[in-house]
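Following this are structure 1 and structure 2, which are two forms of one protein chain, each written alone as structure tokens.
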Structure 1
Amino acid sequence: MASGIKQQERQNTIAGWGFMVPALVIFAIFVVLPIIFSVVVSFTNWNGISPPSQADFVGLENYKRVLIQSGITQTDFYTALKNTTYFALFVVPAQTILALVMAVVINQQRLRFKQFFRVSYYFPSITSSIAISLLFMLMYQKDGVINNFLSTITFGLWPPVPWLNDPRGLFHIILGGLGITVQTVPSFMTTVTIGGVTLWNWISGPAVSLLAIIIMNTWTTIGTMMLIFVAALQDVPLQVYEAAAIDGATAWQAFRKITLPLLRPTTFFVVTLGLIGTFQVFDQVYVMSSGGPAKTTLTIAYLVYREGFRNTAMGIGAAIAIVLFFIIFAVTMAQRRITEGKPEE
């Protein structure tokens, strides 16, 4: 009897490993080995053209040039960090809030044509980002649909906006409207630098060109986040809402006291996906602006591509990629602390 049980356990173990090994091999080849290779390359001056064996070991020199040593590499990295941070700060809250609102509306029992709305909202998320980027490039032209629409609703008072060619920061534009310009701010704002970027430029906000990409990226991602929220909402027992209604709770009170607390784990998941996606944004920038104008849409992921493949500095590119990984990890952990800081009610 005991031998039969052991034999069955052995067969189950062999079967389990039989199913796992192919996936583990694929994971090792396409994920683990490239990560190890990137880490090794980040300590060399490999140019990406010659055999890697011919590259010289330079230690932490690449990381020093990216993070500490004054120069174009450091300035570009911190410029990209600033742009990527603004991108995340605008996209993640917008896509999370809009996705939640859309999910709550679609989850209503009385709503008709639910499947139609789900497909319509989700369709941009599965459409090629390159195709969408090209479409928005046409829409953002001076004589494009967006400028024509703004001109129509303002009766011609809205001048055409060079959406993809305006390097001005959004906060700088607002401050300029209040009479605060680079000429009127204290001198230390233009002389003190952090990573080669002046304090005045750090508070510039997203450029108009980056804002255009932010709007497009938000529109293309809310569909996926919406479906995640819909799945979570459908797991909330209806009896909870019925009990709240009997106690006299309004729809807003039920949403605030029941829905939001129960959706806290889902919200953490959605925000985490949003942060990872925004810090890795590349394809829209590559198609629509290539980091311009004046590097106002330069992101960290695009900088990795530019250094590695355009400037043939794979060592620098790999070092930036490793730094990006730690940035994403740190931001995700901080966001987890904030999201799960309070015990669930």
Structure 2
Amino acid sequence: MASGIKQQERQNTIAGWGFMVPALVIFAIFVVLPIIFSVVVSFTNWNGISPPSQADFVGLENYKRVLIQSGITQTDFYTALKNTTYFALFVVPAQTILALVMAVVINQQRLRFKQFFRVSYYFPSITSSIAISLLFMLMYQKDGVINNFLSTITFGLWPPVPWLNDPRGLFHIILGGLGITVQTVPSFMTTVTIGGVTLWNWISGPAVSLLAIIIMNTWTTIGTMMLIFVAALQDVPLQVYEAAAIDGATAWQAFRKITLPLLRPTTFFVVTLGLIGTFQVFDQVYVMSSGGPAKTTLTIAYLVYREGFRNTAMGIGAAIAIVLFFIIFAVTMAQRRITEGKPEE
């Protein structure tokens, strides 16, 4: 009997590993190995062309050049960090809130054409990011569809903007409207720098060019986020709302006191997905702007690619990627703290 159990165990182990082997082999070579090498490469000066074995070990030199040592590498990194942060700060709240509202509306029981709305809102999510980027490049032309649309709905008040060629920062534009410009601002704003970027430039807000990509990105991902919310909403039993209605709750109260708290885990998930995605924005930048104009759309992910594959500095690129990993990790942990720490109302 005992030996029977043992035999069973052995058989299970063989079968278990047998079932795993195909996946594990691929996984080891193309996931685990790259993860290990991601750190290794960041300590070398590999150029991506010569055999990797010929690269020299340079210690923390790459990290120093990216993070600490003044120079173009450092300035580019902090510029990219600034742009990427503004990108995430605009896209994530916008897509989360809009997706939630759309999900609640679309989930109403008596709504007609439900399937049509769902399909049309989700449609951009299934298309190639490259195709979408090209399409928006055309629509963002100065005399293109988007300026034309904005001008129509504002009765001609909207001045055509050369979206992707406009490096002006959004907050700079707003401040300029209040009479605060680079000339009138206290001098420390333009002399004090953090990471090679002046204080004045840190507070620029996203440039119009980046805003163009922000709007496009929100437009593309909103459908996916909406469907995730819809799936979660369908798990909420209708009786909860019926009971609330009997107790005299308004639709708004039901949303605030029932829907929102119940959707908290889903919201956390959507925000996490959003953060991970936005901090890695790459395809759109590659096609639409290559980081320009004036580096206003340079993102960290694009910088990783540019340093590694265009500037033959794989070590620098790898170091930036590792820093990005820690940033994403810290941001998602922080947002988990915030979402979970909120007191129940």
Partner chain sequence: MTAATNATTAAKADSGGLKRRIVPIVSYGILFLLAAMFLYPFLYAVLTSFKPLPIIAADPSKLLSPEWTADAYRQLRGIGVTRWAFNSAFIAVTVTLVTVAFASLAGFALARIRFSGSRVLLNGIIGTMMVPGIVLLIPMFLVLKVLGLVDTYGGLILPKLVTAYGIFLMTQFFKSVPVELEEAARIDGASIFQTYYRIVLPLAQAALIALTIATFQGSWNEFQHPLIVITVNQDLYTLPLGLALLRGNMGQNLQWNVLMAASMLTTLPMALIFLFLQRYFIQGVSYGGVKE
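Superpose the two forms; the largest set of C-alphas matching within 1.5 Å is the rigid core. All of these numbers come straight from a predicted model, not from anything done at the bench. Please note that residue numbering is based on structure 1, beginning with 1 at the start of its sequence.
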Original post:
Which depiction, structure 1 or structure 2, is to be taken as the form predicted together with its partner chain?
Top reply: 2
Original post:
Hey, with one rigid portion rotating against the other between the two structures, which of L260, I276, P160, I228 would you call the hinge?
Top reply: P160
**OP:** Please report, as a whole number of degrees, the rotation of the smaller rigid part relative to the larger part between the two structures.
**Re:** 9
Original post:
F155: how far does its C-alpha move between the two structures, core aligned, in angstrom?
Top reply: 4.3
Original post:
Can you give the C-alpha shift of M20 between the two structures in Å, rounded to one decimal, after superposing the rigid core?
Top reply: 3.5
